[in-house]
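A single chain comes next, written as structure tokens; it is the form predicted on its own.
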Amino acid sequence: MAARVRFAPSPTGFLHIGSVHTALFNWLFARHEGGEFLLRIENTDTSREVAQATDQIQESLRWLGLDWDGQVTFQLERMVRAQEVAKQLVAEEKAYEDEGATRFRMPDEGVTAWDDLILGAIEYPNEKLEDVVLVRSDGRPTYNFVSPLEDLLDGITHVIRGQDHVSNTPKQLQILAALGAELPQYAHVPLLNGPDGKKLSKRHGANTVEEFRGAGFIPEALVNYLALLGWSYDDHTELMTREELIERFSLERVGKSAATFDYEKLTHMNGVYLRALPPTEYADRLVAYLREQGYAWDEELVRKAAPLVQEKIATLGDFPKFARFFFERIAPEEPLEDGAVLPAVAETLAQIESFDAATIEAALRELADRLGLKPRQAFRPIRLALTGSTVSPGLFESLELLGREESIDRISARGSGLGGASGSSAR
């Protein structure tokens, strides 16, 4: 039988990166095995908030490229079926009524055992299993009942989920056995911790797909990095394409211990991916990202600026701060200690025949020599006057892109002490 797995998030908000990690392992396993990856939404009501979260879950998975097979299923649609199955279990004396609720009869002796594909052999004493509620008094089935029931209905062969679900597995195995189901294999993947060793949460930084997307990470890098948390192909390979991850993934190489989410390592990997993009695609991604984030900057200018920043920034989210000066005049982040060079710079820029980076560089280096200044001494106040920062894209390329008139205007304003209003349009 072909492998069939499922990702079953609860629509309680934006998709957490820990849940995405579990989804990715399911997806990689299914694609490696030539099987199916199903998406099941574990909703128990139809509120507007749930509908919104459901849409966000699907959009997050699409953005990451984690495509699912078939139609999305919803737990709410199977409530009647779950109620009918619970009544059947009561009729078979495998469950009983208790104050309006339905409870499952757990065995009191022996153990419930399974061979976990990641954790190995696990045994759980049955005497510790409480008679779990199958259906609440208001008619809503519980997670520990409807989840395994849906696994049965969907023909799930492998349940791949986080290690926080290990305690649920013996209960669900008992319920599936009572239903006469062919038992799926279970694999409990390691959880994600923050750098402090505690469960990954808001206090560590971004933790939802939307936040990582908003910060300017790209899906290829995020998927590659998440795949390496708790799994490895060998002891040195890190950068892998989606196709390579699918080809190489196996549960045998998934570790048992919690994995540490390292934001710096993800950022570094994202920068590697961005620098490897063809220039045109890089510009396309940048334009699309800025549009998503609500920037109304001139697209043609963004595309012209893209080559100047591709080697410099690690996330698309770095672009607005790093390159804002192309679109707005920025007040210097620190005082101009010596702006005496600026009038001479403005005069030089006005006189050069061709306003391109190479010609600009030659003219300004000649000016620095003539003034007896080291290049760094001469160029620092120019950079501050032009960009507002001591760190920016290439100075000469930036001058060329801003154009002769705008460049001279900014430099003259700073040189004369007038300042130039921060935020005024550069175009």
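Just count from 1 along the sequence shown to find any residue number. Source: prediction; values computed, not measured.
Just so it is clear, the following notes concern the form predicted together with the RNA, a form of the same protein that is not shown.
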Candidate site Trp63, Lys304 and Arg329: all three near the RNA in the predicted complex by heavy atom within 4.5 Å: no
Would you check, heavy atoms only and a 4.5 Å threshold, whether Phe355 touches the RNA in the predicted complex? no
Taking heavy atoms only, is Pro184 within 4.5 angstroms of the RNA in the predicted complex? no
Could you tell me if Tyr124 has a non-hydrogen atom within 4.5 Å of the RNA in the predicted complex? yes
is_contact(Asn144, the RNA) in the predicted complex, heavy atom dist at most 4.5 Å: yes
Only one of 281 to 289, 304 to 312, 210 to 218, 84 to 92 has heavy atoms within 4.5 Å of the RNA in the predicted complex; I'd like to know which. 304 to 312
To verify the annotation, which of these, His204, Arg140, Arg324, Arg242, has a non-hydrogen atom within 4.5 Å of the RNA in the predicted complex? Arg140
Heavy atom within 4.5 Å of the RNA in the predicted complex: which of Ala178, Leu119, Met79, Leu251 fits that? Just give me the one. Leu119
Counting only non-hydrogen atoms and a 4.5 Å cut-off, give the residues of 161 to 191 close to the RNA in the predicted complex. Gln163, Asp164, His165, Val166, Ser167, Asn168, Lys171, Leu191
